[in-house]
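Below, in C-alpha cells: the form predicted alone, a single chain.
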C-alpha cells in the first residue's frame, strides 16, 4: 500500500498514513483494525527485514544515507531478522501492515534515524518485493518436495514392473498395464505440475524495489544492486506496472493448484482401488482411519483429505483472477486481498505433498485381486486383434473377427481366455494358438513397447526421462538463495566502495 494514499481523507491529497510509524494516530481505531493486513503480513516479516537491509545498503552506497546512519539501520534490521528467526521479535500490533510495524519498531530502537529508511521507496514496491521473495522461497520448497515425490514414484515403478492390473477408460476395464506403469503415469502428471512451479519461480525472479509508488524515484538509486543482494536476476521493467503486478501470484496459485490436482487424481485412484469392489490395494493401519460406528471399516481418509484440499487450491486461483480482473494499472488497495490466496498456497500444497509422500509407501497392491481383474481375458481383446495384424491381416478385419469372438464368449458365459484355438478359428483362421497367447496379461503388457507404452523397455525409458527431470527440478530449487544466505550476503556487502587510487 502507498504511504501517500493509505489513510487519506477523501478530497485532502497530501496527507499521510496516520499511524505510529508516521507520527500520527488520527484514523478511527475500528477502521485501522478492519483495514489492517498485519496478521497476514507477519508471514513475510523475514523478507521485509532483509528487503529493508538491502535497500539501506544501496542508499549508503549511493550516498543517500550517511554511513553511520546506514550501519545503525542495517545492523538493527539484521538483528531483528535474527530475533524473528528465534521467534523473539516483538512488533507493535497497532499498525496497518508489517512494513509500518517494522519502521515503528526501528524508531523505538534508533530514534529519528529510522526515518531515513523509507527514502526512495513506497509500501507499494515494498509489499511487491516481500511477496515475490516469499513466493520464491515457497515455490523452491514446493518444487523440491514435488521432485522428491516424483523420484519415489519412479523407484516404486521399478519395483512393481511385473505386477499387472487393468487400466481404465470411461471407468470401464480397458487394457492390462503394469502397476509400475501406473506409478509412472502418476509421476508424469506430477512432473508437469512441477514444471509450472518452476515457471512460477521464474515469474517472481524480478526485483520490484525502487519502483516507488508508481513512477520510480528522482534520487540516484541503484536497483541492480538491491536486486543482486536479494538474489534476483534483474529489476522489474516498468514501475507503474510493477506496483500493480500480481501475475507472479497468479502463476504461483495456479502452479499450486496444478500440483494439488495431480495429487487429487492420484488419490482418487487409491481411494477407488481400496474399495471392496476393486480390492486392488490394502492400506496399512498407520494411514487408514476407522469408523466411529462400523468396526470393520478401514477408510482412505488421508487421500480423501488431499482430494478435498484441492478445492481450496482452486479457490485461491479464482480469488486471484477475480481480484485483479478489473483493476486499473498501478497500485490499488484491493491488492491487499492477495494475501490469503498467496500465503496459503505454499503450506496447503506442501501439506498435501507430505501426506501423499508418507501414505503411498503404506499402500500395498494385492497381486491376486489385480490379476483377477484381467483373468477373463476381455481386456486383452485389442492385443489379440494386434496379433492378427502382425500376421498381415488388416486391422478392421482383425477388429471384427475378435469382436465376434468376444460376443460369442459373452453369450456362452465363458471367459475369453477360456476359448481354445479350434473354437476361435470359427471366427477367423488366424486365431490360432500363437495368436491366442496374446491373451496372457503379462504377455500383453510386455508386448507394448511403443514409446510411452507399458512394455518393460518403454517403461524404462519413461523412468529415465522422469529421473532426469527430477534432477533438473532439484537443481532449479537449489539455485534459490535461502533467507539466511541473503542475510549473510547483505551483512558482508560494504556500505561504501573503496576510493580509486
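Numbering follows the first chain given and starts at 1. Predicted model only: the values in this text are computed from it and were never measured.
Keep in mind that the form predicted in complex with a small molecule is missing from the display, and what follows is about it.
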- Of these, 127, 102, 259, 165, which has a heavy atom no more than 4.5 Å from the small molecule in the predicted bound form? 127
- Go through 132, 81, 223, 123 and name the one with a heavy atom inside 4.5 Å of the small molecule in the predicted bound form. 123
- Message: Within 4.5 Å, heavy atoms only: does residue 41 come near the small molecule in the predicted bound form?
- Response: yes
- Item | Any non-hydrogen atom of residue 362 within 4.5 angstroms of the small molecule in the predicted bound form | no
- the small molecule contact at residue 426 in the predicted bound form, heavy atom, 4.5 Å: no
- Query: Looking in the predicted bound form, any heavy atom of residue 108 within 4.5 Å of the small molecule?
  - Reply: no
- Quick one: find which of 226 to 234, 134 to 142, 396 to 404, 336 to 344 has residues within 4.5 Å of the small molecule in the predicted bound form by heavy atom distance. 336 to 344
